[in-house]
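Only one chain is shown below, in structure tokens, and it's the form predicted on its own.
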């Protein structure tokens, strides 16, 4: 699916996740054609099904859809915080010559946790999901670094201070309580924490939802600058095509747990093919 498939970092193949026992009718009674992801026979919810994509080196890929489309479930699967029922999720380190791809879903629980702490960073819609609000700002960054294997306190504080400068936060507030920060500043703290271990992939889950428009604009500008400076691969989930347009070069459109369209973001916005995508695009005009 990627235009730069020879340099993919992350490759999802037929990811699926359901909630319920399932029955023979689930696949035929759910999906965009039926406008539901819940089986009317057994009640099983097909959160996502048949999700496949490549995330290229230094690329930002957008996943867009309304509430219940499955985009948050896909993010949880990629973050290894929710198990997939079927499918594969391959990671390839581009910094090592002849590195063999690893199927992350085949790793044991310990190896998944190590990988998530070292190679993945995630920024949640709600800061309290990504931050320990009982820790200081520096303590939150330290928590991530300790899980990634850092042990020197001085180096951890230095790294936290560097990250605050990178995300345009005053390093003088390193030991402040997160409750004293505004919503936009808390998102910057989350970004600092997510970037602390130099992850291969940064996951952004509805990072501007709930913020004032002016604050949204500043957060988006920061993300674009970081992507340009750090050349990090990003996966961006949003219900807002405006956000996707600003950040993502390619986009996957989800509805009722399935992919209905994918391609270059500009092409999707200018000439959407699926009726649902057309509705999304028209609603943003």
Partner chain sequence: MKQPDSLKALITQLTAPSEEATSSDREQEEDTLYNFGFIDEDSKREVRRKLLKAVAIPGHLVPFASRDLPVAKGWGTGGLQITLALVKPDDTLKVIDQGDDDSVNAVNLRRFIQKTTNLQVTTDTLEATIVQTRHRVPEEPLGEDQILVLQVPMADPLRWVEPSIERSTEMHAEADYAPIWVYMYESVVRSGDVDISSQYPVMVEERYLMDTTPAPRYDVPALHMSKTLYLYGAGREKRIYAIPPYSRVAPLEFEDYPFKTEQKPGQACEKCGSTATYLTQHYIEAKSVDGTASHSATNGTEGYWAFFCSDTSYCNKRKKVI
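Model, not experiment: these values are computed from the prediction. Residue numbers count along the first chain shown, from 1.
The form predicted together with its partner chain exists for this protein as well; it is not shown, and the discussion that follows is about that form.
Of the listed positions (94, 146, 106, 129), a single one reaches within 4.5 angstroms of its partner chain by any non-hydrogen atom in the model of the complex, namely 146. Heavy atoms within 4.5 Å of its partner chain in the model of the complex belong, among the stretches 184-192, 69-77, 146-154, 86-94, to residues of 146-154. In the model of the complex, none of the heavy atoms of residue 172 sits within 4.5 Å of a heavy atom of its partner chain. Though the partner is left out of this view, residue 82 does not reach within 4.5 Å of its partner chain in the model of the complex, counting heavy atoms only. Among heavy atoms of residue 199, none comes within 4.5 Å of its partner chain in the model of the complex.
At least one heavy atom of residue 136 is located within 4.5 Å of its partner chain in the model of the complex.
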